[in-house]
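Provided below as structure tokens are two forms of one protein chain, presented individually as structure 1 and structure 2.
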Structure 1
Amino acid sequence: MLEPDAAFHLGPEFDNALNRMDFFRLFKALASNFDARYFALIEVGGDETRFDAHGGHSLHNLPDALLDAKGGFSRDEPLLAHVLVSSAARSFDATDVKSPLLEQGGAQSAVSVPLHTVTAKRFALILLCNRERPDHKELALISHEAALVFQRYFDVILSLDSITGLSDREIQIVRWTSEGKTSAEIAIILGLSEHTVNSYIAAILRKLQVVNRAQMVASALRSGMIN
């Protein structure tokens, strides 16, 4: 019998999750709990002809062989197409649906869970399972657990896009950028990795609604965040 409360992804690590890597671990554990070797959390936009597995806030553990040449999926992929027409989770049997993802992933069944944020962004969580198609009870459990982890992902990561103020660390990074320092130099000064500095810069750009470092510094100066 499945015991969701004892699961890794709903245990202490759920509350401790702080960055994308932590959420990769939680979604991977959720997938594994339902005998799914692969998972993909994909942002599904409005008019695109394909879905990008590497862009934005998507997370997955699919091998490159399961993605198209640009690192994504066709809009026709049935597992993803499902979330464009339904708000309820659905399971698929490999023998009943013509899904390249399911077939190339060598899975027996798949689950497609539509998810959305309070800011109206839509996502799909796909699980490729090495087992028979989950029944309704299990599907309800998967949907519930996916919604819990996804809400936490929103609280910790996705909601940062709609927060306007800068944190102390972000202001520090704008200040050093205004002094002409590169990301690598700021990383050395602050004892961080270059990846972390660039993560902060990407978040600042979104918050200030600007597209490059010069605009970022100009915007921060105008608003008095730095002087």
Structure 2
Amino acid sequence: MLEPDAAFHLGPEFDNALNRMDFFRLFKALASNFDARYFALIEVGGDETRFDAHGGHSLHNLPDALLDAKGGFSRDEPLLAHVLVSSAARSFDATDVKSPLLEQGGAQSAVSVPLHTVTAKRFALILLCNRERPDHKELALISHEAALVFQRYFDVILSLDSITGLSDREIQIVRWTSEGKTSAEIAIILGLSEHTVNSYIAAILRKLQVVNRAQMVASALRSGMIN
């Protein structure tokens, strides 16, 4: 078990984290420290029927096979549904809960950690573990580690996103544009009309004070809004 005085977050990787890729590595390292092959930091909010793994603030290393057609999960998924009704971390055993994520991820156990920002946004950190269910002591340590990394993620990334004035939906659209998706393709992915996507893009261009999509993506990359 990872001891607190040996925690990776005390090292330079934590202090030097400046963009989403840095935090992706930190959360992946956290997961590895607890024998978790996969992790997912998912924002809780917005759509009332599903969780979006590709939202502007989400980070994960889940394979596409574990996501639905729109790149997310049903809110019936027990590992994520837990954070809607509790503020305490919980561990799950694959033999005790019917979870598509656990089953399809080939994990023996999982941990669900509710996380919150000072601006009242809610997140969930999910770990799919290749080991027996963590006990209460380990669960407390996981929660502590997750809270520390998440607080720095907020300080460095999430708070700056608020300064840009972009909404979560606008950040999603910037991210999909950076991956080469057209307005029509983004509309299908997000369940919007193409006209609505174009309206969002026009608003983003104004907010970032740029004139085209290439400059929009470049600005977002420079600010660390996307990686």
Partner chain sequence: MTGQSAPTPPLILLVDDDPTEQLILKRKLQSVDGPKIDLEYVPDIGQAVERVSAGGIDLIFLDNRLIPNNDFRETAPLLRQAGFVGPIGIISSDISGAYFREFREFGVDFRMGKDEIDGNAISFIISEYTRDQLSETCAEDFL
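Small disclaimer: the values here were computed from a predicted structure and weren't measured. So that the term is clear: the rigid core is the largest set of C-alpha atoms that superpose within 1.5 Å between two forms. Counting starts at 1 and follows the sequence of structure 1.
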query: Displayed copy of the chain that is the form predicted alone; finding: 2
query: Did residue 211 shift 2 Å or more between the two structures, C-alpha, core superposed; finding: yes
query: Threshold 2 Å Cα movement between the two structures at residue 68, rigid core reference; finding: no
query: Threshold 2 Å Cα movement between the two structures at residue 200, rigid core reference; finding: yes
query: Residue 187: CA movement between the two structures [superposed on rigid core, Å]; finding: 26.4
